[in-house]
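This document opens with one chain alone, in structure tokens, the form predicted on its own.
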């Protein structure tokens, strides 16, 4: 083969479709389809994401060495048909509902790719959990590591224990469908009134408001959890094999009532159920990790799969000290499967050497892997729409944003390539003042339009992290939860368990000197920011520290409830104008809400604002 080795990875047709592109084993670009289509968790073929990756690499589809799908359609169909056969007539509706999509997409993925790309690119296939394992190991900073992948289900596997080194990936153990830790967590997500595959974050955020009163009941009835971390579910409580719902009448009887109606008032019981399944999930993860340490002898652990997005469990796992080091794939869910598939293509099929990591750094490039807009493109958009703005140099921008935050303003921040994965990392972020106890509820209700109990994350200067939080390692991807330092906590804050049924009453109660990022249990989901991967964001926080003495800001994703993170100038401006944000930053352009013309949801935006 002559020329660079370009391998495209693709995940699609379940949720969070995505594409990723490697050049000679190194990440060039990665993006999720939802950011382009504005359809959250979009499962469709990621044509826009693929085009964005090719544009970033400045290549044509004909230059691809291969396209790799993140799972095996044949094995997945085998599971569905075998499960349906075992379920009999009751399973027939779900099979008939899903089979046409299989016959038109997954089973003929190779033809679909060639049609979409308009060329005869070689098409290869990975397996779902192999893709997850590859996405965790190959971009990590480690030369060798134990690998743990946990999610709902791939083809058959729901959990795998593996290891990786210079010789490649080796699978040691797997747990197979229908037994799934991810689906156990999703069952409680649905039972507590949240949506499966998107509401698991809410359940995790709700858990600190409750007590694990039902944990013993879960262990005694729902899951047989063994010492080595392997487990089996009692499927009498879970009818999801039939594709109809996650929990059965027997489950409802065990927990004394039907599921909570979505959007109804959250009860103390829901918080206690969340705390309980969170505790059982953590116990299972810890047991698997101990078993992996014993059997592999590796000192570093890498993780992927949807359950690896449980940053509360990740933080506790790190503090348990089972492994010396922990790295979690930032796009741990199905979107990251596209990246893993590309790595499988590069390193397994083509035997490409692994790219060396810079000392002390991983190979993920901060996960700033999506599209970017130049100043010229932003200006062209603003001028075409006749919108008032001012300009600022990089240094002026940092000072202006910091000043606005210090004055209590809320800032929409769009600078540089978009993030790959579910977390806003300072490229498509909404920023606020962590010192203000009301910031959380204001941003939740007036900006994000979401439940007021949900916590916000601090983005903190790497060099200032230990001054605020009990965390002595980097957390650049918001994948670790750690406690606020004891001396910063405020005395007299009520315990959530003492507040009766009214959970919202305690949300605004200050619990530390950075109350807007301190959860009810004194924890915080931390992003450490350095000047290497994200110098512009680092400069903002540094200027804020100069003004306030606090080296962190509130950071949440730049979107409203039900929508994906913004991607383009158009997305950012619409979100800005639909909410109570005060200042919008798009590259080196600043837009103040008070200066903007009256806004109505517009369908007449001029899409074409390319440069002359």
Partner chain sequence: MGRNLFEHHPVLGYRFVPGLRARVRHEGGGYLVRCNHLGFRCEHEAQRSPPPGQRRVLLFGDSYTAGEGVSNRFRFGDLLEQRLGALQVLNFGLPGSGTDQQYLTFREYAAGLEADVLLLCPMVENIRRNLDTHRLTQGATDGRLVLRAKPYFELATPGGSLQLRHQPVPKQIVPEEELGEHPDVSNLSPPGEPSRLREGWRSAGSRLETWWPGVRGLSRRLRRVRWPLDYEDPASPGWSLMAAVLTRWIAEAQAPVLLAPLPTSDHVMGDLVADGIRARFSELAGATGARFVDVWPALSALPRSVRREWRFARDDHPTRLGHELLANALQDALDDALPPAPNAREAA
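Keep in mind that this is a model prediction, so the values were computed, not measured. Numbering follows the first chain given and starts at 1.
What comes next is about the form predicted together with its partner chain, which does not appear here.
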| property | result |
| --- | --- |
| Non-hydrogen atom contact residue 36 with its partner chain in the predicted bound form at 4.5 angstroms | yes |
| Exercise: residue 60 in contact with its partner chain in the predicted bound form, heavy atom 4.5 Å | yes |
| Residue 251: touches its partner chain in the predicted bound form, heavy atom cutoff 4.5 angstroms | no |
| Exercise: residue 48 in contact with its partner chain in the predicted bound form, heavy atom 4.5 Å | yes |
| Per-stretch contact check against its partner chain in the predicted bound form, the hit in 470-478, 272-280, 519-527, 364-372 (non-hydrogen atom, 4.5 angstroms) | 364-372 |
| Check all three, 141, 326 and 511, heavy atom within 4.5 Å of its partner chain in the predicted bound form | no |
| Proximity to its partner chain in the predicted bound form, single hit among 236, 376, 407, 220 (heavy atom within 4.5 Å) | 376 |
| Heavy atom within 4.5 Å of its partner chain in the predicted bound form - residue from 461, 322, 447, 117 | 117 |
| Its partner chain in the predicted bound form - contacting residues of 376-398, heavy atom within 4.5 Å | 376, 377, 379, 380, 383, 384, 386 |
